[in-house]
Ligand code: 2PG
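Shown below, as structure tokens, is a lone chain in the form predicted alone; questions about how it binds or moves come after it.
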């Protein structure tokens, strides 16, 4: 047992230079853990609602802390149920939920991924890396309408995957003389939306993926279909707008045997939205972002539901990140089919890649 004795909050800066929430949790044995809330730049309409950072600090101090003090920090399910009942901002609930999991792991003297796995009875394993190499859309000032062009290494270890990704990333950075975007991907201008995939496709050791983030793309569905048919993608995320279940379904029927057609803005880690996508037979993969729904337990429930339906599970970071590497442990704990951490640049992204390397080398 790790009785919660203190919970404090403050504002910190995220990777976009904007304010976000950081919390610190302590127990009666003197264990202190901290964590923070990421935030997306490109958000789906159906995501759980954040509150302003100063309001989030106030909610932690005046609402959450008095309620959680005296509870067992190892009892993640009870803490998360209480956070849902309190109806606080999603940035409040996810930050507190994260640090509760850390407190439980520390008090049990085990790695965070293993603690999560034991709580929720998952079978942990290394995720496959979906590395953002070339960046566009809302995350870059260039002429690419699609948000992420992904290199997905064909490798059996994290170390080998990172090395393949590093090689591809460095070669293109040198060739393109590219800048670095919000999520660590390379930023350059291209002749069309297909050229980035042509450059990535020269590497034999990777599969190709893309996050279209089509909520922010103004092309008509017919034109999008024509482009996707030319791309030969292993993975395609949010190919149409968040309520366009009909075209998601058509694309899955056409490409789903060979490709993962994943929902993000379509599903927002929300089982109600996922149920709608299942009923429409719209996708065969889903993005999991715990901050979209509010607590670790709700995110794991979404993972379990996706597994029941045979969907691929891809855990993801956010555009506005911090150095908190929680998402790496989560992806390992649930044996995610894919993990998106951004490009192999920027400290807040590298922290998560390095955490995966440490898990593989020292803990798994």
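What you see is a predicted model, and the numbers here were worked out from it, not measured in a lab. Residue numbers count along the first chain shown, from 1.
There is also a form predicted in complex with this ligand; it is not shown, and the following applies to it.
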query: Close approach of residue 40 to this ligand in the predicted complex, 4.5 Å, heavy atom; finding: yes
query: Contact test in the predicted complex: residue 35 vs this ligand, heavy atoms, 4.5 Å; finding: no
query: This ligand contact at residue 289 in the predicted complex, heavy atom, 4.5 Å; finding: yes
query: 4.5 Å heavy atom contact, residue 147 to this ligand in the predicted complex; finding: yes
query: Stretch in contact in the predicted complex with this ligand, which is absent here, among 64-72, 22-30, 297-305, 318-326 (heavy atoms within 4.5 Å); finding: 318-326
query: Residues in 18-37 with any heavy atom within 4.5 Å of this ligand in the predicted complex; finding: none
